[in-house]
Every structure is written in structure tokens, then in C-alpha cells.
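What follows is a single chain, given as C-alpha cells, in the form predicted on its own.
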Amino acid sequence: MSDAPRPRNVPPSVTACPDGPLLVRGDVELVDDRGEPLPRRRATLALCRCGASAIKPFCDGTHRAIGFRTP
């Protein structure tokens, strides 16, 4: 799967989904703990908030299986 280009000229936004991931949209670069860019395969990134995803930092839907709840 090739990397999708970052959406240009789209204002960045982060949406916290109730009981789910953070959705990141727009012209945002995601980097790892060493400052290296992470590949972007979709225009919208879903980032894990529950801590149980097998593909961190991305969401894999595990929050549903473990009953993750946000305040």
C-alpha cells in the first residue's frame, strides 16, 4: 500500500470520538518518538486512545472489545 499524500490546504482538526479514537484530519504530519515521519495511508488518521490497539499509534477498533469509555 503506498503512502497517501497529506491533504494540503486543509485546516488541521482533531476530533475526539466518544468512547473511541482521535480523528486527525487536514495538513498534519505525524512523527514517531524519534521525530521520524510515520507513513500516512489515509486522509483521516484514527489514533488510539484506549492503549490496547495492536497497531499503535493507530486505532484498530479494540476499544469496542475492551469496553473503553471516555468521561
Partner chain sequence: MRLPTARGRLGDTLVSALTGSPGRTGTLDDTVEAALAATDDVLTDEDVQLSLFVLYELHYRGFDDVDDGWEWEPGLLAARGLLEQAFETTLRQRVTVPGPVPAERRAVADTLFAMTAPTPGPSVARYVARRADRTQLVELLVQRSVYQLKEADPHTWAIPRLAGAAKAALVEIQADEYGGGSAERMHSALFARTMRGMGLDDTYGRYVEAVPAVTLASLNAMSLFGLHRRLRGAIAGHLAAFEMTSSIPNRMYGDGFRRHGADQDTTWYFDEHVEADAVHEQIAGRDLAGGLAEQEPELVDDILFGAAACLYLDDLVGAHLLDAWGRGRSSLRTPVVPDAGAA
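Positions refer to the first chain, counted from 1. Predicted model only: the values in this text are computed from it and were never measured.
Missing here is the form predicted together with the partner chain; even so, the following discussion is about that form.
Going by a heavy atom distance of 4.5 Å, is Cys17 a contact of the partner chain in the model of the complex?
Cys17 belongs to the contact set for the partner chain.
Wondering, does Pro12 line up within 4.5 Å of the partner chain in the model of the complex on heavy atoms?
Answer no; every heavy atom of Pro12 is more than 4.5 Å from the partner chain in the model of the complex.
Although the partner chain is absent from this view, report whether Arg64 comes within 4.5 Å of it in the model of the complex, heavy atoms only.
Arg64 belongs to the contact set for the partner chain.
Please determine whether Cys59 contacts the partner chain in the model of the complex, using a 4.5 Å cut-off between heavy atoms.
Close contact exists here: in the model of the complex, Cys59 approaches the partner chain to within 4.5 Å, heavy atoms only.
Taking only heavy atoms into account, state which residues of 30-48 are within 4.5 Å of the partner chain in the model of the complex, ordered by sequence.
Arg41, Arg42, Thr44, Leu45, Ala46, in sequence order.
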